[in-house]
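Have a look below at one chain only, the form predicted alone, in structure tokens format.
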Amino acid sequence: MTDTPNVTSPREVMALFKDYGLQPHKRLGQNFLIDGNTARKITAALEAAAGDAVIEVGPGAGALTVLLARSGVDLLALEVDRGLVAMLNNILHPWPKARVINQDALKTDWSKLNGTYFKSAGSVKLISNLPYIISGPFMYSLFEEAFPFDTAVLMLQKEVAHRLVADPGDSNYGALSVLSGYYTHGKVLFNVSKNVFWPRPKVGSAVLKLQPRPRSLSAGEEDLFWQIVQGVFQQRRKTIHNNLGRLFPHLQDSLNGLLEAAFIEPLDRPEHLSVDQFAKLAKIAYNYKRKLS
């Protein structure tokens, strides 16, 4: 559409913000993508076709939003800034299948949202230029709902993106890495320069693609998996034996046997255990606890 503003032009975005009486809010972590090439690479990575259901978190000035709307996807964008919601819905007027709602992603029930807005609730794609200040809690919220998306393409702070796909032994490897590896297959696609944002952030970014991984644990086993993973990484320098003894003192006398059954050395530290080792340990410990009860 010839009358649609170019939301990847710094000059046009700043003019739009002036017209709507808006400005970037530091407290919301707003750094707006203003580079067309980067926006096209990100949306292409999502591999969304016309008619696909897509949720965007934090559309900002609309760099990804307008591209997706033009592609014909069924788009729902979540934005906490009411001023941006009004501006974007005006810009998106030519594309009735694209809409922006005022909603906090950190307070969203994803499965419920998918079912409310989309007929194909089980095959929704997720895309986001994620505000850095919410990236950790946001990712935990996805894993708490067992990653209810067909695929996700996320631009994150570079450090967080690499943490999500870190391998055992890597300095970035932690609880978030293990949870990400249990629920998803992840890959960092490319890094993004600080210079393609307004305002310019202080840290670099990276684009990450996540796709669901088949789950191997029952609901009860997964609850224990979370307890173990989050608990042992609170004191990551302690051995796995000492960590588990602290978390589950009633199992102290059985720990060596449980670890041996999971093929884990008692003196191993949490950062050296694989996702599958954590999952196996949770399964064995859960079934052992059930026998005791």
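None of these values were measured; they are calculated from a predicted model. Residue numbers here begin at 1 and follow the sequence given.
Only in words, not in the display: the form predicted together with S-adenosylmethionine, which the text now covers.
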Quiz item: Looking in the predicted bound form, any heavy atom of residue 203 within 4.5 Å of S-adenosylmethionine?
Solution: no
Quiz item: in the predicted bound form, does residue 104 have a heavy atom within 4.5 Å of S-adenosylmethionine?
Solution: yes
Quiz item: Can you check whether residue 38 is within 4.5 Å of S-adenosylmethionine in the predicted bound form, heavy atom basis?
Solution: no
Self-check item: Contact label in the predicted bound form: residue 168 to S-adenosylmethionine, heavy atom within 4.5 Å
Solution: no
Quiz item: Exactly one stretch in 156-164, 170-178, 96-104, 212-220 has heavy atoms within 4.5 Å of S-adenosylmethionine in the predicted bound form; which is it?
Solution: 96-104
Practice problem: Report the residue, out of 231, 257, 51, 29, that has at least one non-hydrogen atom within 4.5 angstroms of S-adenosylmethionine in the predicted bound form. | Solution: 29
Quiz item: Heavy atom within 4.5 Å of S-adenosylmethionine in the predicted bound form: which of 134, 126, 76, 92?
Solution: 134
Practice problem: Taking S-adenosylmethionine as it sits in the predicted bound form, which residues of 63-94 have a non-hydrogen atom within 4.5 Å of it? Please list them. | Solution: 63, 64, 78, 79, 80, 81, 84
